[in-house]
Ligand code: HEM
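Just one chain follows, in the form predicted on its own, and it is written as structure tokens.
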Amino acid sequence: MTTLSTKAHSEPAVYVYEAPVRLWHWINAAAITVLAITGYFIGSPLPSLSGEASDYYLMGYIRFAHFAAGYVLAFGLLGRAYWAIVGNSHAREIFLHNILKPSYWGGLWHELKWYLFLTKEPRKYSGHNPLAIFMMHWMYVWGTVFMIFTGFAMYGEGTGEGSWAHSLFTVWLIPLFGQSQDVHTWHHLVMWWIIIFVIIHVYVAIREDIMSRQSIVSSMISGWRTFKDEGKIDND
């Protein structure tokens, strides 16, 4: 059970998300937005325009924004993994969770019923609830790792042999999938996997703020999770 603090808040509160985690969250959200929009146009380019190509460098800017956001996403995930080691226990939740603990699966099942409106009793957690941890680990973390690897493999095709991206990713990942077009296809499909995760993530965060009597959205701004009534805080 987590001890609640009322020192700086009129309502019971727990300090959950440290500043580096909050900063990463919002920068990461911006990077994903840029990547999704520019990636869509890279896969479905705008109609060609008449005239000199040098006068219409729109796709060049789109590609540059995509590559820049990809670097932000990759280095951001590395930084987030580092903070999972040196930060508080909540910083580790999306990377490590005890799937062998029966209470974890019990909590996950309860949260699933809660989100499907099959139960009217929300549980309070100091950090992420078990279902959120499951979704963020398996949908976001591994989905992002896949996008980073396949993205740099395709990037290495453009930078050519001898470049770091080609040596670290392209030479083994392209043959693993069969051919370059297969990597492009899977990269595009997993983009939609990430977009679906984002939609679910935003929905449940706003829903929890409204229905579960505990702050979710504002917690990623202030770092504090507040509760509108006192009681046991589950940490499983």
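Owing to the predicted nature of the structure, the values given are computational and were not obtained by experimental measurement. Position 1 is the first residue in the sequence shown; the rest follow in order.
Beyond the structure shown, there is the form predicted in complex with the named molecule, which is absent from this document and is the topic of what follows.
For the candidate spot formed by Phe152, Tyr155 and Met191, every residue has a non-hydrogen atom within 4.5 angstroms of the named molecule in the predicted bound form. Interface membership of Ile133, defined by any non-hydrogen atom within 4.5 Å of the named molecule in the predicted bound form, is ruled out. The named molecule is not drawn, but in the predicted bound form it has no heavy atom within 4.5 Å of Pro45.
Using a 4.5 Å cutoff between non-hydrogen atoms, Ala36 counts as a contact of the named molecule in the predicted bound form.
With a 4.5 Å cutoff on heavy atoms, Leu73 counts as touching the named molecule in the predicted bound form. In summary, the region of this chain contacting the named molecule in the predicted bound form, judged by heavy atoms within 4.5 Å and restricted to 100-108, 144-152, 125-133, 77-85, corresponds to 144-152.
Out of the listed residues Phe177, Tyr40, Tyr203, Trp172, Tyr40 is the one that sits within 4.5 Å of the named molecule in the predicted bound form by at least one heavy atom. Interface residues of 62-96, taken as those with a heavy atom within 4.5 Å of the named molecule in the predicted bound form (partner not displayed): Arg63, His66, Phe67, Gly70, Leu73, in sequence order.
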